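Only one chain comes next, encoded as structure tokens, the form predicted alone.
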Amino acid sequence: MRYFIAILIFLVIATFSITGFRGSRSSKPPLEMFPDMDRQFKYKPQAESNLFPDGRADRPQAPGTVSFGSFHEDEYFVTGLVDGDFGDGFPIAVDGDLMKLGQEKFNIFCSVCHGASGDGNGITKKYGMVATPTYHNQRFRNMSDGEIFNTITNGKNNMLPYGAKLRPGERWAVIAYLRALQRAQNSRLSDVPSENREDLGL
């Protein structure tokens, strides 16, 4: 029994000598008993490689291929361009579901600066961003849908790009909702069908 206790004490002392106490600080790298492939050989971007004749680890794109998820037959749907010029109209059906999606994304990404009604009076105006334009002036009402799509995708002036945050269909949904805001702020009674005027209390 004495030998067992002595061996146990020795093992405990040896363990703490090697690994240290839990929570203690050390400038030495930790002892990894099971690294689980945390340290793997790999090439870093733009690194050299002796495996390929050109000496580059980065490989050129194979001819005739496109990045996963980046190919669309409808150029207008993903760029807002038609033969190099900004197009107009919607490449997808505008219905209630699209408008609801557009309202949701507009309130998340756009209303902070442009305001809930698109008048340029978002919360950021209180913090010095006074140059946010209103969507209800003639210039923006006349702007083509494709140009608005391009602006949302790539940004413009102080506006950051949202191409990475909103999928193409979501960008078109935002534009559809924006057009609804413009129509609501610049409409006449004659724009409302007669059968719906009672809903307005008129």
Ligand code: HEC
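None of the values given here were measured: they were computed from a predicted structure. Heads up: residue numbers just count along the shown sequence, starting at 1.
The same protein also has a form predicted in complex with the named molecule, omitted here; what follows describes it.
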property	result
Contact flag, Gly169 vs the named molecule in the model of the complex, heavy atom cut 4.5 Å	no
Leu178 within 4.5 Å of the named molecule in the model of the complex, heavy atoms	yes
Touches the named molecule in the model of the complex: Asn158 (any heavy atom, 4.5 Å)	yes
Cys113: touches the named molecule in the model of the complex, heavy atom cutoff 4.5 angstroms	yes
Listed range touching the named molecule, judged in the model of the complex by heavy atoms within 4.5 Å, from 46-54, 149-157, 59-67, 32-40	149-157
Within 4.5 Å of the named molecule in the model of the complex: residues from 128-146 (heavy atom criterion)	Met129, Ala131, Thr132, Pro133, Tyr135, Arg139, Phe140, Met143
